[in-house]
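One chain follows as structure tokens, the form predicted alone.
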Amino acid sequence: MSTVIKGARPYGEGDPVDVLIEDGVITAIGAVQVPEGAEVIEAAGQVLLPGFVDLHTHLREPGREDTETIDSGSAAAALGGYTAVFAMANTDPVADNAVIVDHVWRRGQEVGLVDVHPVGAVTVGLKGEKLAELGTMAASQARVKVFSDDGLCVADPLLMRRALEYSTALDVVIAQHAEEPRLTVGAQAHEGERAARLGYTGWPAAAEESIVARDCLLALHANARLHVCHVSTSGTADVLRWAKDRGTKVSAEVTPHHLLLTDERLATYDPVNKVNPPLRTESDAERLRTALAEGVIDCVATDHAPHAVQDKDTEWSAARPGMLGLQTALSIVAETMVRTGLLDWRGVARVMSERPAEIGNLADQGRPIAAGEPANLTLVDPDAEWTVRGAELASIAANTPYEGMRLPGVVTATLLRGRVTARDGKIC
């Protein structure tokens, strides 16, 4: 099987070149002779990047197939330029044992549009009371590499310490949803002037920052790898810088919506803007963008969270938190980071492909665009724009906060080990 990408610009740099792919591997870059029968993709100077890796996706299978399935979520991922995703453990039943994680892994293999890596729960049933079977899941067919109770915080410091200690022997990472639950009882929105004026119970920044500080200290003493999910405050960025300066093995992600959207959206009372952690202030968003550019925050992760109409089209307090993200992530990064000059396209590759792959310990993802490397690739038209319509996205759910927005950057092709999975907005 051969494919030739003609006239692409790797990382958006230099003159256009041809890229020859044979049997899933890049074999030549430059002036390439097209083999007989090869599939040809005319890039016309578009940007070629390593396939994106999402450390934080909710595929909802098993349990909530009315909102998303591994089929539909994989399609959304491929159309968004992703070649690997990590599926969170808060399914029904919870992915806290080898049977469930193996099921998710096998379903991902059957669909075959992206590599689906199941995330194992840290605690049994996400209840925060007893450690789940970390070793069994790590040794399973799925080879679980990341563990998280995302959606809930591992609030017990002793339990979190034990998880971090065990993780060192398994060479896995513990990903924390940083939220001190005693500070967020009944919380509906970022604690601040807008929430107070609109009558929302506040979600204080300290609820996130205090857990991140605690866990960074625990990870430092255990010499363990900690990953902080969906960083949302400027204070958390400061804690991360402090911890990294002291040699803590901590990494962190930021979502596209926390890079772009702010609590100004509260004024609409539209639950499509309800998310956990909540949208913060413009000063927080500005600090997150800077921290991502500086490497204090390592990567972008979507926290793609599909919800049924009845779970979103309701009063704010009853609505479920979360929003779609897989098909819009690249465009939001282009809008907030590339257009502003904070990142070039090589920087986009770092935060959307290379660092996520390193954190998730994926040896064949996030690799350089070079001869001999796996052909997990994404082709992007940096000059094109598109209008977001939730009903037209591949996900079963349609809860996008970007409805009607015109965004820059269009993924024109995605290749998984040389096989075209998405092209020109359609699944192949």
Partner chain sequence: MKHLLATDGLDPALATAVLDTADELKHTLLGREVKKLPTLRGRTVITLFYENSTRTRVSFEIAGKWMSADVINVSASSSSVNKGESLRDTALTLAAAGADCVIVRHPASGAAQRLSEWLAEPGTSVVNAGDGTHEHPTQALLDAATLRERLGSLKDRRIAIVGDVLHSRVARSNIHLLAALGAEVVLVAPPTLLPYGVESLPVTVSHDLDAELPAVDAVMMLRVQAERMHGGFFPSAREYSIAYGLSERRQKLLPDHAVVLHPGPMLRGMEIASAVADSPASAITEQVRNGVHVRMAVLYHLLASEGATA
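These numbers were taken from a predicted model, which means no experiment stands behind them. Residue numbers count along the first chain shown, from 1.
One more form of this protein, predicted together with its partner chain, exists but is not displayed; see below.
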Problem - Listed residue (340, 314, 290, 141) with a non-hydrogen atom within 4.5 angstroms of its partner chain in the predicted bound form - result: 314
Handout entry: One residue of 268, 168, 109, 283 in contact with its partner chain, assessed in the predicted bound form (non-hydrogen atom, 4.5 angstroms)
Key = 268
Practice task
Give a yes/no on whether residue 99 approaches its partner chain to within 4.5 Å in the predicted bound form, heavy atoms considered.
Solution key: no
Exercise for the section: Could you confirm whether residue 245 comes within 4.5 Å of its partner chain in the predicted bound form, counting heavy atoms only? Expected result: no
Practice task
Although its partner chain is absent from this view, report whether residue 197 comes within 4.5 Å of it in the predicted bound form, heavy atoms only.
Solution key: yes
Exercise for the section: Would you please decide whether residue 192 lies within 4.5 angstroms of its partner chain in the predicted bound form, comparing each non-hydrogen atom pair? Expected result: yes
Practice task
Work out which of the listed stretches, 331 to 339, 293 to 301, 84 to 92, 306 to 314, brings a heavy atom within 4.5 angstroms of its partner chain in the predicted bound form.
Solution key: 306 to 314
